[in-house]
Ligand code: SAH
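Next comes just one chain, in C-alpha cells: the form predicted alone.
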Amino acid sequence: MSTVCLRPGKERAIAAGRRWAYRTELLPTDAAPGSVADLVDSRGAFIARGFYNPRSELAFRVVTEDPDEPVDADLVRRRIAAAWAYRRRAADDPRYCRAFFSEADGLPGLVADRLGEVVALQISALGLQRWQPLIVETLVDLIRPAAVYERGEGSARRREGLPEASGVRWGALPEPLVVREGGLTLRIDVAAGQKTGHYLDQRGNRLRLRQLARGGEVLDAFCNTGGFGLQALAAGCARATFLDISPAGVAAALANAEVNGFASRADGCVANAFDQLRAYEHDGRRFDCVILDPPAFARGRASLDAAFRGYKEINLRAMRLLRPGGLLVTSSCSQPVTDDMFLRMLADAAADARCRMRVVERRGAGPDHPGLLGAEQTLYLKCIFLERL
C-alpha cells in the first residue's frame, strides 16, 4: 500500500468532513496515479484510505477512514447497495432519482441516475475506473434496468487523465426514453442530452413551481428540455416561452410541450439568454413568472467574481421583466457560490433593478442528492423562489 503525506496543518479540513485533499496540500510521493493509498499526517498517523491521482487538483479522494477496511470489490458493492436502499426510502419516486452521488455515498467520482428504465452512469475518478464492470453489474442486480448507459466524456474525466468513451454498458436503450414528473411525460436523450440527460436535482423544485405558478405568461430561460415551463403550463399558465442558446434544447422543450398537449401554449426562442433578456426589457415584454436555471458560472474560486457579475446581470434583467406579483425562480449550481453569496447577489440585483422582492422559499436539491457537513461543495444547488412586490 502506497502512502501519501499531508503537509503540516492540512489535516483539519478532512477531520471536519471534507472528502478530498488538494494536490497543493500533499508532499511528493511515488504512489502511482489511480492507486489506492493511505493518507497520513505530517507525523505519519493514518487519516484515511482512498484514491490518489497527482494529475487532478483533487489529488486524494477519501474512501474510508477505517484503517482495517480494504478498498475492494466487497466495499464497492456494499456502498452501492446502501445508497440504493437509502433512495428507496427517501426519494419521492425511486424510478426517477440519483441512485448514487459520489462522496455523499462513499465512492468519490461515481454518479448514477435512474431515469425510468435506464441507469445513466458517470465515473470521474481514475482510481474508480478499474471497478467499472463491477459497478455496472451491481447496478443491474439492484435496480434491474433495461439498460446501463455510461456518459464517459467531459472535463472531469479529462482532468483525471481518463479516456473519453460513452456507450451502452448493459442491455439496450428503449426508444423513446421518457421520465415522468407530476403526471407529465418528458422525452430525454441519455446519450446526447446535458449531463445524464435530465437534471434530477431540480425535480422537486419543478414540482414546487407547479404548486405556486398562477395564470399569465412564463419565461423558462436556460430551458434545456423544458421541465420548469411544462410544470407552469400544467398549473394553468396561459403561455410559456422556452429560451435556450441550444437549438436542440428548445426543440426538445417544444416537443415535450406537444407530447403533453401544450403545443398551442408554447413557443421557443433560440438565443443567448443574456442578450435576449435585455431585448425583452427593451421591447417592453413582461412576464408573470421567470425561471432562471443556468449552467454553472463558477467552476473554482478564481472565477467567483465573474460568476457573481453574471448571476447579478441575469437576475436584474429577470426582475425587471416581472409584472407586480410575478414569481422569479432562480438557481445556481456553481459549487463555489455559497448560499450567503447567492442571496447577497440577489439583494444587489433587486436594488439595482429598483424592484422590491420577497423571498417566498429557499430550496436546494432533493433527498436523493444528499450533501455532507464539512464538504459544502456537495450542497451545491441553490434555488430561490421570489415574488416581485
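Keep in mind it's a predicted model, so treat the numbers as computed, not measured. Sequential numbering from 1, following the sequence displayed.
Only in words, not in the display: the form predicted together with this ligand, which the text now covers.
> Within 4.5 angstroms, counting heavy atoms, which one of the listed stretches 220-228, 112-120, 89-97, 251-259 is next to this ligand in the model of the complex?
Single hit among the candidates: 220-228.
> Even though the partner isn't displayed, in the model of the complex is residue 148 close enough to this ligand, meaning a heavy atom within 4.5 Å?
No, no contact at 4.5 Å.
> Residue 170 versus this ligand, in the model of the complex: is there a non-hydrogen atom within 4.5 Å?
Residue 170: no contact with this ligand in the model of the complex.
> Indicate whether this ligand has at least one heavy atom within 4.5 Å of a heavy atom of residue 162 in the model of the complex.
Because no heavy atom of residue 162 falls inside 4.5 Å of this ligand in the model of the complex, the answer is no.
> Applying a 4.5 Å heavy atom distance criterion, does residue 199 contact this ligand in the model of the complex?
Yes, contact at 4.5 Å.
> Of the residues 273, 126, 237, 177, which one places a heavy atom within 4.5 Å of this ligand in the model of the complex?
Selected residue: 273.
> Using heavy atoms only and a 4.5 Å cut-off, determine which of 246, 185, 211, 155 is in contact with this ligand in the model of the complex.
That would be 246.
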